[in-house]
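In the form predicted on its own, a lone chain appears below as structure tokens.
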Amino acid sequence: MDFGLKDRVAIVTGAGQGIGAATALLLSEEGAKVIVNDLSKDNAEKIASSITMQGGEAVAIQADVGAAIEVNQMVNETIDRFGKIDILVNNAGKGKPIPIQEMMEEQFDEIQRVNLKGVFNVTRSVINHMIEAKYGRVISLSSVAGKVGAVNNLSHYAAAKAGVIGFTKSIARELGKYNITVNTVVPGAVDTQILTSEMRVNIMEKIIKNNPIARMAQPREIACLIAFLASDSAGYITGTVATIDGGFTMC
């Protein structure tokens, strides 16, 4: 692959595992300098170390995307180190199944704080640097749950992910005049470390029944779409909801 990312500077949030880790590694392979952000310092350092061992350049930064002060510190550190920010991948997220009748207000709020407010916090913090440079790529991760609703008692998660789609489309309209593209990647089921054996079996049963491609996606496959949207080849793509779900939501 050649996405033309040499010397681009990228921040990838939630990059300590799963899609975020795969994205950080691929962007580095394509020549980008990567800020590996995660709430877990150990996970972030592990991925950053993998990148540097492969000859890339990466910095691990622990920060909670739901906390604006920590986000601003991360962005300032990135500017101090590299002088610019070309690419932002808003990947950090969380979700815990809770039936709506049992859900407490603070549980709903926490999911919004990370999955939706986190996207706002990091985007707001980097965007002036992109406007000044007249260049930027912002890619935020949503979910098929944000398009069609969630199964398994994840209504709070689906609400946040639907918000990401609306937020993306809105700021794409605002920022296009600055040569900044803003897109959403919408994965279906992805085979990541957070899935237990029981969850894999349950998910696979549903996928085999409903997906033309009867398997889960691998994180690298999602990362390839993200890397394309981060490239100059995608310069005329903005405000797009790019679904990658094996055909689960085709309609």
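All figures in this text were calculated on a predicted structure; none of them were measured in a lab. Start at 1 and count along the sequence shown; that's the residue number.
As for the form predicted in complex with a small molecule, it is not shown, yet the points below apply to it.
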Q | Listed residue that, although the small molecule is not shown, lies within 4.5 Å of it in the model of the complex (heavy atoms), from I35, A32, V182, A63 | A | A63
(Q) Within 4.5 Å, heavy atoms only: does N121 come near the small molecule in the model of the complex? (A) no
(Q) Residue-level question: is I19 within 4.5 Å of the small molecule in the model of the complex, judged on heavy atoms? (A) yes
Q. Going by a heavy atom distance of 4.5 Å, is L39 a contact of the small molecule in the model of the complex?
A. yes
(Q) Taking any heavy atom pair closer than or equal to 4.5 Å as contact, tell me whether G188 reaches the small molecule in the model of the complex. (A) yes
Q. The small molecule in the model of the complex: within 4.5 Å of a heavy atom of each of R137, T168 and I171?
A. no
Q: Choose from 128-136, 174-182, 86-94, 101-109 the stretch whose residues reach within 4.5 Å of the small molecule in the model of the complex, heavy atoms counted.
A: 86-94
